[in-house]
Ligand code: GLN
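What follows is one chain in structure tokens, specifically the form predicted alone.
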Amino acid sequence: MDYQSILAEIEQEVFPLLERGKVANYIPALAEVNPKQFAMTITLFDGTQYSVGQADALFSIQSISKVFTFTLALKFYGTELYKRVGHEPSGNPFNSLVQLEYEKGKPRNPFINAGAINVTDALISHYGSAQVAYKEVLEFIRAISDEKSITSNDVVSASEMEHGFRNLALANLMKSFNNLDNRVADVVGTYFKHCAVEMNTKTLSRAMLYLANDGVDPISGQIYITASQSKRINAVMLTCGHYDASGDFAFNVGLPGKSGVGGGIVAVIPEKMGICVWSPGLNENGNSLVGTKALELFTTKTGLSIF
């Protein structure tokens, strides 16, 4: 299959849509980003990459980091993790307080904000401190993407902490239900730091290969998690990876994927490849408008989906 030609076709077809999305202006450091940017990369199991657009441009991965923290927490805690965070779709906005109150401080899944904050708390408990937890998450991301230079943008994380009233409220609410073990400021601060990690479509598509290959990096042979855990993560990505638009994404794209408000979306085609697309303009659900369309076009043109 001529992947380069297919990606070039997609780039042409989505170009008119670049006018339509809106950047995440509720995070001041992200409000400055030019929305008329696009990049897409696929990484095959032998390491071959095909890209179009600004594939070297760094962007804030935001909620894509939740895939990596969920991976580590599942590795350390196994099914015990589900006592503190569920794996059901929420059907509500990613930062909803109402559902969390109603369900007594247990987040629906690890990909809504409350769930990811809870997972970060579990990692801090495992590693013994917020500083070590963040360092280990960053090292894991560097390992799976095979890129040692990856780091977090302190300006973005500070901006999120300064304006993160709702996320602090979610953490405090969980704390009031005894479902958060560490200091709220430490947990939310660490959460914002891993959300502010900067990557590009090349490193992110490479980073997803272990989830396309039953928890094993097909290039290095490194085993990160069990096949069963990899299956669970992909299932939660399919059902919860796009907040309250997850059903639409499964319907139109048909791949396990995870979006972030920085405009990135990662996806996996089991036994074949990792994919990342980036375009900062978001739709009303907080997912990349052009990125979602590009992935839909990719699965349509290639016939590759899990269905």
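One rule holds for the numbers: they count along the sequence shown, beginning at 1. The structure displayed is predicted, hence computed values, not measured ones.
If you look for the form predicted together with this ligand, you will not find it shown, but the lines that follow are about it.
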property	result
Of Pro256, Gly274, Pro280, Gly260, the one that lies within 4.5 Å of this ligand in the predicted complex (heavy atoms)	Gly260
Option touching this ligand, based on a heavy atom within 4.5 Å in the predicted complex, out of Ser145, Asn179, Asn200, Asn167	Asn167
Proximity of Tyr243 to this ligand in the predicted complex, heavy atoms at 4.5 Å	yes
is_contact(Ile27, this ligand) in the predicted complex, heavy atom dist at most 4.5 Å	yes
Proximity of Ser63 to this ligand in the predicted complex, heavy atoms at 4.5 Å	yes
Exercise: Tyr210 in contact with this ligand in the predicted complex, heavy atom 4.5 Å	no
Joint contact, Glu160, Tyr191 and Cys195 to this ligand in the predicted complex, by non-hydrogen atom at 4.5 Å	yes
Among 265 to 273, 246 to 254, 55 to 63, 34 to 42, the region lying within 4.5 Å of this ligand in the predicted complex by heavy atom distance	55 to 63
Interface residues of 89 to 123 toward this ligand, as seen in the predicted complex [heavy atoms, 4.5 Å]	Phe94, Asn113
